[in-house]
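Starting off, we have a lone chain in the form predicted on its own, written out as structure tokens.
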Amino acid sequence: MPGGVMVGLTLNGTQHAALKAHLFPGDGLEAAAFLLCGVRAGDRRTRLIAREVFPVPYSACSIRTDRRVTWPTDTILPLLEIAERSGGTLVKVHSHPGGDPAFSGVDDESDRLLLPSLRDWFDDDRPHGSAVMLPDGRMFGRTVGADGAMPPLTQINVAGDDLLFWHDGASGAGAVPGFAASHAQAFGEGTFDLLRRLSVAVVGCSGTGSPVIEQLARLGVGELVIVDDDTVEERNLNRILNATAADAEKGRAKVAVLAGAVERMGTGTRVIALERSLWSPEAIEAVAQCDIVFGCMDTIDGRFLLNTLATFYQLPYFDLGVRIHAVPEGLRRGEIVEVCGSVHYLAPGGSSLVSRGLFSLDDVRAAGLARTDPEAHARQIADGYISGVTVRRPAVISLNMLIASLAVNDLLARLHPFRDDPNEAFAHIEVSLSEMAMFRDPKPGACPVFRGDLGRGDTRPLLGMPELSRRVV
């Protein structure tokens, strides 16, 4: 693990709820559990990503009081073996039933024995940690370095229907700058501070991606990772914010145009612009270090890949889609049949774009073939093995901006709940301009396709896909 890199911990909503239920059984005594975690060992951040919760049975504890919990070390031996085989790491979590928001002397004594011994067991530099949960669900924690020091976890977050973040130390934003005064007045300085600390990825920088980027930067998000390998063309000028005819003439990269616009904005947002396809190791590794991801792509295999990435690294995923059906030719040419758009919010460990019926695995395979071998794809269509053909759909900026705004407002509602109903009631939001109506659907059940990949973190090859292997010269 590179020195000086921040280390954080991520759980999903189901894991956090299960952990809280075990750590606070109602008897007022401390309890303990372990998190088996995957790891994203990045150049900007290291993320410990919870894969599974392993409660320490109450009956296995030799001591349980309101200030101490003790259990035999052989209780965790099977866990150590699982972690070693899977390349994972362990985080001990225990409760403070009295609500003390700091490690106690007993905790210090316990962690000085346990955490270095975990490092010795694995004999490598994978980070292990220790965390405390308070009765209201808040958490704080620390890890252990090669020198035996135990620096705090800089961030612990829960990626559920609500997006919860707890940071170590003082506010990261300082005084609210003038440009943010109005929305800080609406959502509070605490939410602005949270936005300032967020790292958000936006994949796809065209029709819906560019207005998402514009809004996030003007809200004061701290870091944006934007990914797109395409260049500006004249036909894009009807929908990419801040793109000009000169950009199209020069064939400038979309990410460069948008990064320059954010820089000129002067809101202090740091932009990491990747002129790459998401189908590259560099893009996967950069996005996986973020807290949240917006998917603004229209390709089936790209959306499937982002859904897979969000599962491996427990990223809350906002998927945006727009659809305009117009008669392409004939006497009715230009007649609009349908105008609609949707935002799907996917919490890690829950449903997926596949289980929600946006596309099937056969569709994913066909789209992958079209991307990697267009001639073979065309032959399979001609032979009847694949149905449908790829067509360029109409795009209108007014619809794109509406859906982009809906997605960013959904993010704000999950960071700072303000809707009348709980956020689980808004897993899918759809707008039909044909009917001038807005619909919503609650959270469906978990998707079995991705279940085994939840929280795996870094693997070789990335995401278990040989296509994402790095080339060795």
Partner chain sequence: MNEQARPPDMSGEELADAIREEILEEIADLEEYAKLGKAPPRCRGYRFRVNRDRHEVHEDKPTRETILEAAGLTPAGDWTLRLKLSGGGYELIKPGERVDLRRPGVEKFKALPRDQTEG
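Computed from a predicted structure; not experimentally measured. Positions refer to the first chain, counted from 1.
The same protein has a further form, the form predicted in complex with its partner chain, not shown here; the description that follows concerns it.
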### Message
With the distance limit set at 4.5 angstroms and only heavy atoms considered, check whether A32, P55 and V132 all reach its partner chain in the model of the complex.
### Response
no
### Residue contact check: S206 to its partner chain in the model of the complex, 4.5 Å heavy atom
yes
### Message
With a cut-off of 4.5 Å between heavy atoms, is R239 one of the residues that contacts its partner chain in the model of the complex?
### Response
yes
### Message
When the contact criterion is heavy atoms within 4.5 Å, does D298 count as touching its partner chain in the model of the complex?
### Response
yes
### Contact test in the model of the complex: V322 vs its partner chain, heavy atoms, 4.5 Å
yes
#### Entry: Answer option from V364, A395, L164, A261, heavy atom within 4.5 Å of its partner chain in the model of the complex
A395
#### Entry: Contact residue in the model of the complex, chosen from A256, A180, A248, C340 - any heavy atom within 4.5 Å of its partner chain
C340
### Message
So if I measure heavy atom distances to its partner chain in the model of the complex, which of the stretches 308 to 316, 277 to 285, 352 to 360, 188 to 196 falls within 4.5 Å?
### Response
352 to 360
#### Entry: Neighbours of its partner chain in the model of the complex among 434 to 450 [non-hydrogen atom within 4.5 angstroms]
S434, E435, A437, F439, D441
